[in-house]
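What follows is a single chain, given as structure tokens, in the form predicted on its own.
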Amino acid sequence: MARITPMSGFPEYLPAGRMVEQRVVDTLREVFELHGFASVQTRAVETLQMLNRKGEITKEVYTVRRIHAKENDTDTLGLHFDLTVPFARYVLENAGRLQFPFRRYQIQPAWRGERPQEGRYREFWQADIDIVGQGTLAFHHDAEVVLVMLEALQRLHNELGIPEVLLHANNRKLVQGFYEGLGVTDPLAAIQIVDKLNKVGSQTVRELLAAQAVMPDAIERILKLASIRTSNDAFIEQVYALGVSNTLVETGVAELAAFIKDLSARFPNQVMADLKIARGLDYYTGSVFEIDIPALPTLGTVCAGGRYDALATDGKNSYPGVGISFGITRVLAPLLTRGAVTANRPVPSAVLVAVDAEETRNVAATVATALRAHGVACEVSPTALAYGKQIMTADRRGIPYVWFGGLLGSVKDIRTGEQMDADANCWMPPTADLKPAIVYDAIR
């Protein structure tokens, strides 16, 4: 058999790493459901026509073709590269059976054919929450979805040691109105250029804007707008000091100020008005936001989203929404690779039930059944070798306790050597040992 080589961009974890991922997913799901979000799951494939609704993404899409397809068959399906477009299609297909505002969360893998690097993968898990209305959607939901995600990320910080995050927020109405006030003929193209500011730098942005026939004075004011960054509403005075004001700018400024106020009340040190945030996707129409981890600057944005008023529409009815997406794999894969986070044992079992002899293996199985009946994960020893060797088996697997005898037997903590009599029908390990614990070491 040929040597198997890893496939770049498709992370696979050892059991301890997978336990960390599952704990993250469980934590996110618990917080989302506490806020009334219902789980949905969409299919892995969408039509290319549907996937192309977001703009210039064709080069990132994995197309799907049957092995025995005819040579002249064209590719019409692709793997979804995020969860927003599939969700918009899902809403349109099921609108008559949903209750609005519809609150949904979705935790699934997605696929992109981009160059793999730390924080960017070809297969990755995302966690999205969205609130969608029918015809209209109140503005207060913009802050609500972000508050829910920040609460979930704070839980991950408190319980699993994931570093704290920082939110950067802007408003597309403010940006679009500002660009229009400067006479920019194609505000969307300019927004998409400014969205690259962190990646390519201000000089390249100047050159790209100039290529779009944006005047030099307008370019400088665009860059000055993008440089505004405050932790409160001080951005308002700085925006108007740039000399551009119209109805769209005023609406965007007011919405961003209210957004920042609502979020800062709950997370005062984790929220910024950052006017370089553009979100280049063309369907955003209001609030836009990105979240990063200051302690892990190389990861860039780990969470992003915004308001979209026309993504889900059938021409007659529209379903405006606001949502935010968290890149689970984007954050976890580097932490697991660096050894910064792991589980303290690679198996869920808290107990290994020793086997006296193969002829009495059924006794050990009865003990295991009794332990599992009240929630103690356990496994029966694979062999009936000497007790010392069975203890070594437990130690290698990271299992902290070994059970000897029948239902009324004894249990040994192999870490301390302490052994005590116990009843398998009611014995419980300490809470800290019942399930694998997530151990956060340090960022390496």
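All residue numbers are counted from 1 along the displayed sequence. All figures in this text were calculated on a predicted structure; none of them were measured in a lab.
FYI, the form predicted in complex with a further copy of the same chain isn't displayed, but the following is about it.
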Quiz item: Of F235, F267, Y283, F102, which residue is found within 4.5 angstroms of a further copy of the same chain in the predicted bound form when only non-hydrogen atoms are counted?
Solution: F102
Quiz item: Here the chain is shown alone; which of V376, L28, V411, I391 has a heavy atom within 4.5 Å of a further copy of the same chain in the predicted bound form?
Solution: V376
Practice problem: Pick the stretch from 201-209, 355-363, 188-196, 288-296 whose residues have a heavy atom within 4.5 Å of a further copy of the same chain in the predicted bound form. | Solution: 355-363
Practice problem: Could you confirm whether E164 comes within 4.5 Å of a further copy of the same chain in the predicted bound form, counting heavy atoms only? | Solution: no
Quiz item: Does at least one non-hydrogen atom of R221 fall within 4.5 angstroms of a further copy of the same chain in the predicted bound form?
Solution: no
Quiz item: Does a further copy of the same chain get within 4.5 angstroms of any non-hydrogen atom of R89 in the predicted bound form?
Solution: yes
Exercise. Using a 4.5 Å heavy atom cut-off, state whether L79 contacts a further copy of the same chain in the predicted bound form.
Key: yes
Quiz item: Taking Q22, R43 and P382 as the candidate spot, are all three within 4.5 angstroms of a further copy of the same chain in the predicted bound form by heavy atoms?
Solution: yes
Exercise. Residue by residue through 125-142, tell me which have a non-hydrogen atom within 4.5 angstroms of a further copy of the same chain in the predicted bound form.
Key: W125, A138, H140, H141
